[in-house]
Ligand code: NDP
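Next up: just one chain, as structure tokens, the form predicted alone.
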């Protein structure tokens, strides 16, 4: 049995290099291969995928499991040649959740405490006081109440922020005002000073951060997108920033990655750009999760965090 890391990212990338080291150190007898050097295709039984090139999975006649190395799976599901009978598991780890909580909390505090505006004042050499909303009056909305969304929502509620959550189906979470369904989206948005997108990417959620959504928010609200780049209609965000409906945005994911050097987001002082680094997870813990999943698959034990291909997550 061979395990293939299937990604077009350079394997010398520091995160992937450390993951490979961790896997080999923990299981020296693991037959680990890295795309594009996969050897005999019939030997590949497990694929560890991160934005895999399309049309590759079908080459492996004995494939038994696909495991996403990220929380997202849409680039796997978009492959028209994907074998439909192969189970797909997504990666969930404590370190990814903690990193996401840290990233989003920092972004919320930067907006609440108006750090972006203070940076502008700094560049102008102006010593000026800006009023700050009390955290108990600064409502935060979380789009998506999965593992990551719940972790973020609970942490912000613990910090005394009023927190609203929106999900596809009804959920009840202590300390969180929950909304569900498209018909309740506008009501959910109506009081949010900042919204955080942590939704899976599906046909229903693609482009959800758009003019209609921005218009339903209170004036001068802020946007944090750590979901998928395709959730955001980029032109609508720029228009909302120019009109003053949106005051600022923190973006970690983009429709095209890396973000093109001539993209207007780079030079817009109202937007924080980070290169998809909100929650990569710690390679050591990711290696543990991968090996646990491989063992479960080989031993016929139930697999955790399997994807429902019909729902897309």
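Here the structure is a predicted model, which is why all the values come from computation and not from measurement. Residue numbers count along the first chain shown, from 1.
The same protein also exists as the form predicted in complex with the named molecule; that form is not shown, yet it is the one meant from here on.
In plain terms, the part of the chain that comes close to the named molecule in the predicted bound form, with a heavy atom within 4.5 Å, is 164 to 172 out of 132 to 140, 81 to 89, 212 to 220, 164 to 172. The contact residue chosen from 107, 156, 148, 195 relative to the named molecule in the predicted bound form is 148, the criterion being a non-hydrogen atom within 4.5 angstroms. The listed set 278, 46, 246, 49 contains one residue whose heavy atoms approach the named molecule in the predicted bound form to within 4.5 Å, identified as 278. Mapping the unseen interface onto this chain, residue 72 counts among the residues with a heavy atom inside 4.5 Å of the named molecule in the predicted bound form. Within this chain, residue 205 lines the site of the named molecule in the predicted bound form, having a heavy atom no more than 4.5 Å away. Residue contact with the named molecule in the predicted bound form: residue 272 places no heavy atom within 4.5 Å of it. Interface residue remark: residue 259 is not counted as part of the site for the named molecule in the predicted bound form, having no heavy atom within 4.5 Å.
Looking at 89 to 103, the residues that come within 4.5 Å of the named molecule in the predicted bound form, counting any heavy atom, are 90, 96, 100.
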